[in-house]
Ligand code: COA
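Read the single chain below, which is given as C-alpha cells and is the form predicted on its own.
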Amino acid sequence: MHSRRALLYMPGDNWKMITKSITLGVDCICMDMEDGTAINKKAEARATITRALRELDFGASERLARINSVGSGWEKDDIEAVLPYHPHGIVIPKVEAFDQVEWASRIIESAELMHGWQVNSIRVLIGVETAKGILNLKEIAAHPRLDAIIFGGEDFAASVGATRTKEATELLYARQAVVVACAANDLQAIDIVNIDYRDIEALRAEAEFGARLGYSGKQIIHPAQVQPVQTAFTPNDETIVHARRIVETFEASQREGKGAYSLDGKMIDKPLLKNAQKVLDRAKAAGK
C-alpha cells in the first residue's frame, strides 16, 4: 500500500500541469477526468492521461486516474481508456453503493487477466461525498479491492444542505465516519481539500486536525500545498522516539509478566501500544 500523505489532483486534459506534477515529490498524482475536466474536454482528458501513463516517469509518485462517477455515462469509456497503461489505481468519485465498486473491480480484473498482470495489482480508491455514501459506508468499505476512501467535504456539505465554514464542524460526523470505516477495514482515509490554496496556515491547521482524527493523508489541488500536508501527516522525530520507547518497554514489561505499567508518569497499556505501532508504521511509510 502506497504512502498517501498528499494526493494531488491534476486536470486530466492539462499536459503542462501533469508534467509539472511529476517534479513535486508528491505521494500520489491523481489525473482527473471528473470535476477537474470540462464536459467538452472529457475525450481530450482520456487521451492526455493515457499519454502521460505511457510516456512520463512518475518516479516514486503513485499514478492514479479519476474516472467520472458510475451512472454519469462517461465512466466506461474513462476506465477502458486508462487500464491498458496500468495505473496504480482507479479513483471512483461519488460512490454510494457496494455495486459501484464491484462494477469497476470486474472491469479491472478482466484487464489484469487479459494482460497477464497480477490480480489486484490495480487498486481502487473511492470518493464518498454524499449523505447516502456515508450511510452505506459499512457495506462499501468491505470491498476487497479497496485501498482508500477519500472524503469529499464540499460535495457532502451540498448533499446535506450544510454551510461550509473554515472550522468545518459541519463535516465532523461524516469525517469521523470515514475514518472509522477505514480503520475497521484496514484502508487509508484521505481527508478533505482546502480550496483556499493561498492560506497555508489554515491548510496546516486543517491537515494537523485531520491527522489527529486518524486520517492518513489529504487531498490537495496546488503545488504550494504539498510540503505542509506531507509534514502534517508525517510523525515528527520526538513522536517517533516516544512510540519506539513504548513498543520496547511494553515488550520488556510483558516478559516480566506485567500488564499495564508506568512510563514518564503515564499509564501504558495495550491501546497505547497499538497507537505507538501505528505511528511507527506511518513513519516507515514516509521514509523515516
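All residue numbers refer to positions in the sequence shown, first residue = 1. This structure is a prediction, so every number in the text was calculated from the model and none was measured.
Keep in mind that the form predicted together with this ligand is missing from the display, and what follows is about it.
Looking at the partner-bound form in the predicted complex, is Lys278 within 4.5 Å of this ligand by any heavy atom? Answer no; every heavy atom of Lys278 is more than 4.5 Å from this ligand in the predicted complex.
Would you classify Arg46 as touching this ligand in the predicted complex, given a 4.5 Å non-hydrogen atom cut-off? No, Arg46 stays farther than 4.5 Å from this ligand in the predicted complex.
Check whether Val247 has any heavy atom within 4.5 Å of a heavy atom of this ligand in the predicted complex, and answer yes or no. No, no contact at 4.5 Å.
Please tell me whether any heavy atom belonging to Trp103 falls inside 4.5 Å of a heavy atom of this ligand, as the geometry stands in the predicted complex. Trp103: no, not in contact with this ligand in the predicted complex.
Decide yes or no: are Tyr9, Lys16 and Arg66 jointly within 4.5 Å of this ligand in the predicted complex, with each residue judged by its heavy atoms? Yes, each of Tyr9, Lys16 and Arg66 comes within 4.5 Å of this ligand in the predicted complex.
The single option of His242, Lys41, His222, Arg51 touching this ligand in the predicted complex, heavy atom within 4.5 Å: Selected residue: His222.
Among 32-40, 250-258, 55-63, 230-238, which stretch has residues with heavy atoms no more than 4.5 Å from this ligand in the predicted complex? Result for this chain: 32-40.
Select from 197-214 the residues with a non-hydrogen atom within 4.5 Å of this ligand in the predicted complex and write them out in sequence order. Counting only heavy atoms within 4.5 Å of this ligand in the predicted complex, the single contacting residue of 197-214 is Tyr197.
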